[in-house]
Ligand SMILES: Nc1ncnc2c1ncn2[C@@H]1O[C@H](COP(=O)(O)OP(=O)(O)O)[C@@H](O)[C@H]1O
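Presented below, as structure tokens, is a lone chain in the form predicted alone.
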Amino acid sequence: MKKDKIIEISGLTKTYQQGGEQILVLDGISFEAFRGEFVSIVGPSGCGKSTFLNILGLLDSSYGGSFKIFSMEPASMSEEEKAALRLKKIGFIFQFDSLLPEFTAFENVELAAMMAGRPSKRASMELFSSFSMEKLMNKNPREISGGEKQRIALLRALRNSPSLILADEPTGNLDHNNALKVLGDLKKACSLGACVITVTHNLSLAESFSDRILELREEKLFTLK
């Protein structure tokens, strides 16, 4: 069965201005990603992984080449349209969980739905239950471990049923066991129909969970798996 294409990129380039010099970060990259797929992008620090992820997440619009997401061209969209698309169809997970400390885990997750205009306590409760995390619902972020906070951040990213999840070093601050739990949760998100794209330094973990592994080096993207 043919999978829905979420992202289609051709000839993507990205440069930064540094002093009077143009620094090339991404050079002629082509890339596709599909619904239900787990894609990992590896590479050394400073190679442009996070820059690439920011472009995919519509957080950076200064690039060259062709980029379509959900069959739409971000270059022709207003900032308001891109913000609405991010809110409803894209989930973000970062190296630091960014949970709001004054709210419970449940409130942090439900806040995402409230911002999208579709609050439902029952839906949030079912999400916690489906990932066997009910015991964390009423706890404050200060009361739970780093691994648990990152798993709550994943539920927050999943709350609006996004078609695309972008994860920037989601296990970078976790020990091996907690990293496995978070990546297992991301893999489950794929089984629910989301496309998951992560950037990571950890090739061995990526090999265990990814359908495809790409390496970003020398401004270009290469297939490892």
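What you see is a predicted model; the values in this text were computed from it and never measured. The first residue of the sequence shown is number 1, and the count goes up from there.
Just so you know, the form predicted together with this ligand exists too; it's not on screen, but the next bit is about it.
Of the candidates 50, 163, 160, 178, 50 is the one whose heavy atoms come within 4.5 Å of this ligand in the predicted complex; the others do not. Partner contacts here mean any heavy atom within 4.5 Å of this ligand in the predicted complex, and among 66 to 74, 29 to 37, 185 to 193, 42 to 50 they occur only in 42 to 50.
Of the heavy atoms in residue 204, none are within 4.5 Å of this ligand in the predicted complex. Although the partner is absent here, residue 18 sits close enough that one of its heavy atoms falls within 4.5 Å of this ligand in the predicted complex. In the predicted complex, not one residue of 200 to 224 has a heavy atom within 4.5 Å of this ligand.
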